[in-house]
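The data below hold one chain only, encoded as structure tokens and taken in the form predicted on its own.
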Amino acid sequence: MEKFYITTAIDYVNGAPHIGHAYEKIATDVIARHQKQRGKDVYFLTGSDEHGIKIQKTAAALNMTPKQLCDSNVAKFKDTWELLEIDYDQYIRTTDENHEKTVQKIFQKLLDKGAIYKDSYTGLYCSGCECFLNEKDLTEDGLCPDHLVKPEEVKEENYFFKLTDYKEQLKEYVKKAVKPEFRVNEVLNQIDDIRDISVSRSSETLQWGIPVSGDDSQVIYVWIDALSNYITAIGYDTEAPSDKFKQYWPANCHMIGKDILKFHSIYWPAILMALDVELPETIFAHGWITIDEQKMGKSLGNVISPASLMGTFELQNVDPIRYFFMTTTPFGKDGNYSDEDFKAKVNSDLANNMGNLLNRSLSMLCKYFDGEIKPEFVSDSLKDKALQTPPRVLEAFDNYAIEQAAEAVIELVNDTNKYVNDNAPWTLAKEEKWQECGQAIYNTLETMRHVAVLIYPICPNIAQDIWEQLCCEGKVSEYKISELKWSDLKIGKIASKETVKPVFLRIDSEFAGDKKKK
């Protein structure tokens, strides 16, 4: 079975999760679910980055140990991913004993190879970025451009990784691996300016981290600690990698935010080159989510959590959240959230178009034919449109264009709505043209069976509801895209008035509750 190994960035757990964190995890989950629909052996890794000065300082301010702070916030992240139905296979923590021991081995191997050396260094350090910055990286006021704080001048003796040894190899790799393609030149320009990087900190400065074996004065820094999670999680070892590592590595996709692209496309592959480990196939940098066109931030008071969205709109499941964030912006570019946009998008696509199409078609089947599909109803009128959609979805996912995959499915839904309006089964029933009426309903419901399979990675709950209301066997998640063919809808009684219900209520529906309506 062909494998597909996909990872998210591991979240820094000095705070609680918000929709920016959720955006990446939803996207990765959608891709993982789709790849399973292709019949692949998928492994989906996520986790948390738990060492560093920010954790150390935040914990001290809260009168907690760093581990207590991490444990508390990791629970919040895990609860949020459960809420969003993020179906990961493994959650790695950089405080896991196996990870810490393997990181020490990796550090030692690089040291033994001469890829790491010890030197004194003076530089501008931003604790928010957890990295040293060049003066040209700063704003005109001398601030970190991401955190808008003045970096502190740090002078200490550290271990350094010989990043400059890999310049030319990195350029060739970046041209092939970095996605979207418009990010490639950005990284190539950064490679021209790279210097060797610090991979340890003084233990006088940083106590909360993995010690360098044999040198108590140094703590292993984030680039070898956090980045190595992608291989330590699946059993990498410097001496004898596990069968699991051999099965899944190299990663097919590292899904990350654009702000950490430099570290993943320059630092990480160079470390792997030094270790003689195969490089990841794709590094995909997604954009950020703004709130009402403003960058999200605690100081602005506009940080939104997925749980608050669920509560604000009294959502029955998370599909509207997943759908909105995956469809409103070309994946890879920045997206924006507003309450009005959210309501308009999910009401239009999920309630008015998709949900209403299924509901009225099944209702007509019950009204005119007691919920029964008869053999003479089988027709091919929408066959071509339905079968043209899966290749479009597959191609979109090949390019990590999730919004284009969804667009193809919604286009099929819209075409089917037009077909229903053009053929008017209610008029055919009035004229007692029963076979033509049954065929029109059949074509619509058979198309909706295809829609359920194709929309499943984004909207797993709505897809399963459609699947069950069409009386299809098993779980829609187990149905492979390659198995989709026309006229597989069950012949016989598939519905009754009791089983037909909306798969998604409009947020402002009178049936959705006073708070929703408001």
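The structure displayed is predicted, hence computed values, not measured ones. A residue's number is simply how far along the shown sequence it sits, counting from 1.
As for the form predicted together with a small molecule, it is not shown, yet the points below apply to it.
- request: Heavy atoms, 4.5 Å, the small molecule in the predicted complex: which of 36 to 44, 479 to 487, 454 to 462, 23 to 31 makes the cut? Say which one.
  value: Looking at the other structure, the answer is 23 to 31.
task: Give a yes or no on whether every one of 11, 230 and 287 sits within 4.5 angstroms of the small molecule in the predicted complex by heavy atom.
output: Verified in the predicted complex; spot residues all in contact, yes.
- prompt: Is residue 257 close enough to the small molecule in the predicted complex to count, meaning some heavy atom within 4.5 Å?
  reply: Contact with the small molecule, yes.
Contact flag, residue 223 vs the small molecule in the predicted complex, heavy atom cut 4.5 Å: Heavy-atom contact with the small molecule at 4.5 Å: present for residue 223.
message: Is residue 296 part of the interface with the small molecule in the predicted complex - any heavy atom within 4.5 Å?
response: Because a heavy atom of residue 296 falls inside 4.5 Å of the small molecule in the predicted complex, the answer is yes.
field: residue 99, heavy atom within 4.5 angstroms of the small molecule in the predicted complex
entry: Close contact is absent here: in the predicted complex, residue 99 is far from the small molecule, nothing within 4.5 Å, heavy atoms only.
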